[in-house]
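Shown below, as structure tokens, is a lone chain in the form predicted on its own; questions about how it binds or moves come after it.
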């Protein structure tokens, strides 16, 4: 039955998409005869304050419903329909903006730039999912995230990835988070929003390469469930941390587990922890020695990561427009004569001197240097803790959802033969 519901939902979304495309053809962009190219908007038009608060209220309602369904009602069908509403409202209707994932950058810029003030609605979009996750687990991912919903609806035949591959790819969201905070803190770019693979689908308008990336993620997601959520989403890092300390969390069975393993087979995200193997218990003494070695090496990993990040700051800082422009004008002075280079011509007509541009670029590059130390040290800590976690285990008697990785999608509850 769920399979037919999914097919109907996907068909509905396709009709919705074609209707939006048809509207764009009825009202095409104006043609210019001067060779001017109409720029693609990065963000949708700002909304009235009342409508922004409406979005917050809708988010709060969806989070409450998602948490209630996951913890109390335990209905996969209701969670599925809720995620469809989220996709239609926050995805297609709201053009994927504002979203909790991108709000990480607004918070980072607010902290490091005294001239920037985050709006209360953006701050709420950042905080509300984290607060709910701290109490109920990752119910935001289950029914309130449009990026997760569009991937979840297209899961066809999910494959189980090897544990070593999952853990290796699991480092990427930390790297993405570190770079996103670094770029936002230095005022360079909001890379989470710029390279959102699904925002072009939501807005029916994106650069060709982003369309290809978005389609690739959706096609990949048919067999590797939620690839963006699992192996790239930077906000997922924060949700993972909060969920590990959640007061309540989705439970597979309301009574004693009968060890049937159906829940593990049903989870497309490999988020079910197995009962502890007796061999692991016997190897615990040997694991203590490895634990001590890995724990001692963590400070070394932090230093190595920080040093690598500081060395990479020259290359990474070129992503900043001012740094790039200063280097371009210094290395290629003849570019001043290029009338087609709008950035150069805008600078020359601004009245600023070359010394002023170089000074501004130097300040930004110093920020990248110190930020590189912090971001690199953070990644060193992540690598050290990842290695340490390979030998840390907690004794488990039953099949249980991993509190950090579980998306509370309620699939496992449907398959569990033990009922309320």
Partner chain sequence: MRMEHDIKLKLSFNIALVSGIFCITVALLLLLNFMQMSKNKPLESKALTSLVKRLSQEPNSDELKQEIRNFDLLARKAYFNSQWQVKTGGYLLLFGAVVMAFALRTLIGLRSKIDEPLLKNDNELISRMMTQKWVIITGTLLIFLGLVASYASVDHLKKYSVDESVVNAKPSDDQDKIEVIQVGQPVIKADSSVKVEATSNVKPNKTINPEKVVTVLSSEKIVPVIGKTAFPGSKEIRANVPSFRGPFGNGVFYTKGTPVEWDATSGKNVIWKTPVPKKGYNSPVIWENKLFLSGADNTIREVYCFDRSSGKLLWKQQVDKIQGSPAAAPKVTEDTGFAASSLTTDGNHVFALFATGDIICFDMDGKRVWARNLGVPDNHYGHASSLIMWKDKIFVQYDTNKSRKLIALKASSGETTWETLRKGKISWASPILAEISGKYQVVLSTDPMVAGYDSESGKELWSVNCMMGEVGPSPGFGSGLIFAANEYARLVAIDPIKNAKVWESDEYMPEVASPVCANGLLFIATSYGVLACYDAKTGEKYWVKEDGTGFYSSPVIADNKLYTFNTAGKMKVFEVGKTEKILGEGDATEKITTTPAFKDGRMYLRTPKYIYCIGKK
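Model, not experiment: these values are computed from the prediction. Positions refer to the first chain, counted from 1.
There is also a form predicted together with its partner chain; it is not shown, and the following applies to it.
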In the predicted bound form, does each of 204, 326 and 337 have a heavy atom within 4.5 Å of its partner chain?
yes
Q. Does residue 153 make contact with its partner chain in the predicted bound form, using a 4.5 Å heavy atom cut-off?
A. yes
Check your understanding: Given that the partner is absent here, does residue 92 sit within 4.5 Å of its partner chain in the predicted bound form, heavy atoms only?
Key -> yes
| query | Taking 4.5 angstroms as the cut-off for heavy atoms, does residue 80 touch its partner chain in the predicted bound form? | reply | yes
Non-hydrogen atom contact residue 59 with its partner chain in the predicted bound form at 4.5 angstroms: no
The one residue among 231, 125, 198, 294 placing a heavy atom within 4.5 Å of its partner chain in the predicted bound form is 294
Looking in the predicted bound form, the residues of 371-392 with a heavy atom no more than 4.5 Å from its partner chain, listed in order, are 379, 383, 386, 387, 389, 390, 391, 392
